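One chain comes next, on its own, written as structure tokens: the form predicted alone.
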Amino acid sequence: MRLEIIQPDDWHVHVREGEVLQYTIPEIGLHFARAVIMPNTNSPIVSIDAMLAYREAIHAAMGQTSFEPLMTLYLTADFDPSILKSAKEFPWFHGVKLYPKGATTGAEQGVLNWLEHAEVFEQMVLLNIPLMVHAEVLSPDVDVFDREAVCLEENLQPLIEAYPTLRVVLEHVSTQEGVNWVKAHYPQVAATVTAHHLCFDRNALLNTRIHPDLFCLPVLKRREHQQALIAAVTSGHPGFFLGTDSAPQAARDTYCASGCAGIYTQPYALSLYTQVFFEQQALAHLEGFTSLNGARFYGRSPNTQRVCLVQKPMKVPEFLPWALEDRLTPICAGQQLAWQVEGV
């Protein structure tokens, strides 16, 4: 079986920095025309100069592939809202990312009290700049599986009520509550959905033994939440779109006593998304999810190129090459996927 769609975009991806870019960057252009680059590098992207330097490093690592990197700024406690007007002048500037302080990898300089950043949000509304949110609370009183639901109630709902024209993206939505919240507040609010949250529940992470390569934040949830995500994306609802949250970690940082969160899905995500839609007999909605909904929400034109997906077995390697004499474990390592992009 063959299926041709408009070339997709990845509206949420981590590529890291330094010498590892030679491994993460070329694979994005194999499938995606545009990719929103997350700013939680070792030194967060909080200035125009840092954003320009990061974009130049990404371009230098592209090799034989090409895509448009859409850049973001990291909202820190001392973020200067005056730089947003200058950032907006770049057509490839995409938005501002909010990390709750300490909530995930690279979130050490995130924010604590969201509404204290009124000047930033007011400027974003004025300039029509979207806010992308890692929606979790980090509190010893909140169970790790409830962090997203509590964040919606305590942080996101007050935020959109205070700024009813601020466009907000609930990144890597992982719960039934998140799905319902997006549906209730679209078109002000939308959500990216990862391949791993669609394909796995928490049993895959914790059943019989721990699988560190499936540890992500937000963590995988119960099966009913996974089913809610699948129903949302395959229904054709325009408020949900592709964002892999592909987050590479060296094997030494994954398989250790205190492993880092992050699942590397980038080379295989499109195959996994397609399988989900195929299993739900919803391939008619795949193009909207992968290629149209995100562009529409962000006010960008759909891509003109097309890609062809074929129902043909593809073996995922056990490991991928990585820098510093280490290895990288991809999602579904050693397994066989049912779909692949033709010609790749």
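Computed from a predicted structure; not experimentally measured. Each residue number is its position in the shown sequence, starting from 1.
From this point on, the text means the form predicted in complex with a small molecule, which you will not see here.
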Can we say H14, T105 and H134 each have a non-hydrogen atom within 4.5 Å of the small molecule in the predicted complex?
yes
Go through S47, Q275, N303, N40 and name the one with a heavy atom inside 4.5 Å of the small molecule in the predicted complex.
N40
Heavy atom within 4.5 Å of the small molecule in the predicted complex, from candidates L73, V179, C151, A247, belongs to A247
Using heavy atoms and a 4.5 Å limit, would one call H94 a contact residue for the small molecule in the predicted complex?
no
Check H172 for me: does it contact the small molecule in the predicted complex (non-hydrogen atoms, 4.5 angstroms)?
yes
Non-hydrogen atom contact L270 with the small molecule in the predicted complex at 4.5 angstroms:
no
So in the predicted complex, does any heavy atom of G243 sit within 4.5 Å of the small molecule?
no
Which of 184-192, 225-233, 212-220, 124-132 has heavy atoms within 4.5 Å of the small molecule in the predicted complex?
212-220
